[in-house]
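One chain is shown next in structure tokens, namely the form predicted alone.
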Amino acid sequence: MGTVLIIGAGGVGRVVAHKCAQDREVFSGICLASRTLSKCQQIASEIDGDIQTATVDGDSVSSVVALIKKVGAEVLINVASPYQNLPIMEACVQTGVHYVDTSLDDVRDRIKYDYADQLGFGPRFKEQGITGVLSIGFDPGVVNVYCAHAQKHWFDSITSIDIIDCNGGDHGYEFATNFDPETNIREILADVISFQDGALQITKALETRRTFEFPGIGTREAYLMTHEEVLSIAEFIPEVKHVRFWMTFTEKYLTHLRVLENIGMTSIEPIPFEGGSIVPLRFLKALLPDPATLGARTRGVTCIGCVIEGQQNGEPKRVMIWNNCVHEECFAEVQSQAVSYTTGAPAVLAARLVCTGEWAVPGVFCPEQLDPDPFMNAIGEMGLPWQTRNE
């Protein structure tokens, strides 16, 4: 049907490339690009059929524009650094190409707490007749669609949403992150934004925890964290009063993280070093295992879902909806661990729905603003089936 340009050749980029290659009826052409050509070539060598590879500077609008024109892309899936979301969106506007990403745009000197910059592209996307789908990984992403589905089909009103995430897998390293270390560590240590009693509240990182039962894994303690889906769900799900994000961590992981924080290795402030300067967190990132290499050694199951409370027909109702994903099965299919798989597969489905017309609404949208039905009907086929239970 058309050519997809994928920017980003990390763990998620690998999943996106494999998944696009499984759907040649929609993605008849595929180009995988990043700053490092060899990473693209390695992924391309894993996949049957022709995949173009290219270098691109995602910070440069002109570089992305030139590549879009060269490959004749119809849709762009951005799985590069969230620091590059805005220039890549600008390139899509200038070339009239649909846009999909998996995380909120970020800046290096602070944590972003709103979608204003990205949603601000909406009028220009609409004028061009193109669609932008923001933050359509799993969390954020699929969980947003879960909420929209619940609102449309299960509830007359929703009052409370708890998004819960447990990675029950083990990669065998003393300390490693399952996605970009810089993004991951900043996210965990940031002040926590949650939506409670109808307003945004700020608390300290790793200060609030609660026990949840994760199907397929068991009972675990999870920590309240900042996550971008809280911001959009609180805005776009009417009447909701509480939206919180919870994630589990092992004590070993938290011990390492606290030590690194205490000695300054998680800082993003440049420090003098041997006549130059160095950003400690970026140096730490260079020392840690590349998340894209974790797939072959990771064993176990993930559980990500939503616990949703509200009313239907005047009666209180509480539903859990979730997905379990097996690390070993993901590696067998696309040579990736489940954290990258659960992020990449939904982005490919979103791009497919845009290209086939079911999500081709001109403008820029968070996932919960779009019709959940075509996504929910197809996400199981993408390898991420969902389950529900009344609680």
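The first residue of the shown sequence is 1; numbering continues from there. Quick caveat: nothing in here was measured; it's all calculated off a predicted structure.
Not pictured, yet referred to below: the form predicted in complex with a small molecule.
Only one of 198 to 206, 75 to 83, 267 to 275, 121 to 129 lies within 4.5 Å of the small molecule in the predicted complex by heavy atoms, and it is 75 to 83. Although the partner is absent here, Val56 lies within 4.5 Å of the small molecule in the predicted complex, judged by heavy atoms. Of the heavy atoms in Ser34, some are within 4.5 Å of the small molecule in the predicted complex.
Contact annotation: Thr302 falls outside 4.5 Å of the small molecule in the predicted complex, judged by heavy atom distances. None of the heavy atoms of Gly383 is located within 4.5 Å of the small molecule in the predicted complex. Remark: all three candidate residues (Lys39, Gly137 and Thr183) come within 4.5 Å of the small molecule in the predicted complex, counting heavy atoms only.
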